[in-house]
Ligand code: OOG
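Quick setup: one chain, the form predicted alone, written in structure tokens, and binding and motion questions come after.
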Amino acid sequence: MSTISQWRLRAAFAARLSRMYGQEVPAYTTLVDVSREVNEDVLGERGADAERLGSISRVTAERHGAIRVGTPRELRQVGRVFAALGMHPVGFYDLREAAASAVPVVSTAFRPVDGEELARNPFRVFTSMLTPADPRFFDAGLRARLEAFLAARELFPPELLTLADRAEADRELPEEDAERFLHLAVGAFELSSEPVDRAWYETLERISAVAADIGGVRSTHINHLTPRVLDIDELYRRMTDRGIEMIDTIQGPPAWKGPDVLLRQTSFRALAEPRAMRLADGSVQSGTLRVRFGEVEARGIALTRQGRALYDQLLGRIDEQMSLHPAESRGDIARGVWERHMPGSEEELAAQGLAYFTYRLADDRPRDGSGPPAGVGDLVRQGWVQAEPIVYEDFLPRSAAGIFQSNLSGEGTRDNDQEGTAYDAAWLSGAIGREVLDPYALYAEQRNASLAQVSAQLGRAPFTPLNPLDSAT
């Protein structure tokens, strides 16, 4: 019997989830169609340069999903499902601190980490977990009710988890088992038709719409599914022209003439979807919930810690300028700040150690008998080595919180006189039962492996940290 490898399971799961979500949320299909049109147009205009951060086949197939769970137990279980697909938890995101409104969750992203696996299929899932222990959002009585409710539900059937463990251990599944696994995995993220207890949902919704979406129902669901686009500003215009209501802004760095860095995101607004609601007397009425939306993203170059510190500093400058000039467009202010303070070329980003690149010997490197220079920067400048940007595979907490906030029905409530419960990557690793990987270390590993190959090909000792580029992690 033939077997299905993990990456093929991952690709098949992403494709089936996309079909399912398109049936549930037809506007998502429009988003995918418009993204494809924009990508084809950009490829026609820019040629090979359009594929500098990934082949068009990768960009077209690329998706990230978002789900929400309620407890460490549920997070461990979903980690087993994604491990079957060759996906690992990467990065810790505290949306409680990134959002002005009530978003009581901490998050990680499950994704492939190996360069070859990312090239095959870079499917990633931003996964958030509710924080009932945080007294800024939940008092002792509501916390107890919420934790009892969450403990009584089952999101992932035992058969799915057993198959997932086999796929992780063997790195493949027999074809028949693979089909069963995919059926159960996609089904676990379908929107349930089970009636929602309206009083309980509304109790949580007063605290946070996100908390209600997680803890107010007995199942989970795909919250949004995100295609990747090469020109997000053009996509925003085309979606608006089709009469689809978009959120007010594009989150992340501004549009400008310099290199794209990190991640830009936007979405269409959450839709009022029909849901069955159970009333206090046991009767069921038709109602609506507004929780799911269609997000789209444009990915840029991964920044080092130094680059990320600069990015965060520039966000602060933008906020400061907005407070001084509230009538001005945030986009215009951001663009001005970027043009004054962000390096305007990949070469400058590399030279200042602000972004991650891989390196390879140039085909047209000098052949005049001269020896190569010692430093990486000089190797690039003198034509010995070519630098190729590493695409940012992860997320931005402020942008994620901005997307969440833009699609919430209300601000919710939080008691800032209370001290928040502490969570960090180490805590989350324990909750999942798997190490939450450091994205900076993963990018540095890619860069360093390419530098080791270059040094071996040049017949010289490995590179030492001679300049900011070599030491930046």
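Sequential numbering from 1, following the sequence displayed. All figures in this text were calculated on a predicted structure; none of them were measured in a lab.
This next part talks about the form predicted together with this ligand, which is not shown.
Undergrad: Although this ligand is absent from this view, report whether A400 comes within 4.5 Å of it in the predicted complex, heavy atoms only.
TA: Result yes; A400 sits at the interface with this ligand in the predicted complex.
Undergrad: R111 near this ligand in the predicted complex, any heavy atom under 4.5 Å?
TA: Output for R111 is no: heavy atoms all beyond 4.5 Å of this ligand.
Undergrad: Consider Q265 of the chain shown here, and say whether it contacts this ligand in the predicted complex, taking contact as heavy atoms within 4.5 Å.
TA: Yes - in the predicted complex, heavy atoms of Q265 and this ligand come within 4.5 Å of each other.
Undergrad: I'd like to know if F126 sits close to this ligand in the predicted complex, meaning any non-hydrogen atom pair within 4.5 angstroms.
TA: Contact check for F126: yes, within 4.5 Å of this ligand in the predicted complex.
Undergrad: Would you point out which of 65-73, 418-426, 52-60, 435-443 contains residues with a non-hydrogen atom within 4.5 Å of this ligand in the predicted complex?
TA: Of the options, only 65-73 has residues within 4.5 Å of the partner.
Undergrad: Of these, F138, Y356, F181, F395, which has a heavy atom no more than 4.5 Å from this ligand in the predicted complex?
TA: Contact with this ligand in the predicted complex is made by F395 alone.
Undergrad: Exactly one residue in D134, E295, E346, E205 has a non-hydrogen atom within 4.5 Å of this ligand in the predicted complex; which is it?
TA: If I apply the 4.5 Å criterion carefully, the residue I get is E295.
Undergrad: Out of 217-244, which residues reach within 4.5 Å of this ligand in the predicted complex, heavy atoms considered?
TA: Sequence-ordered list: N223, H224.
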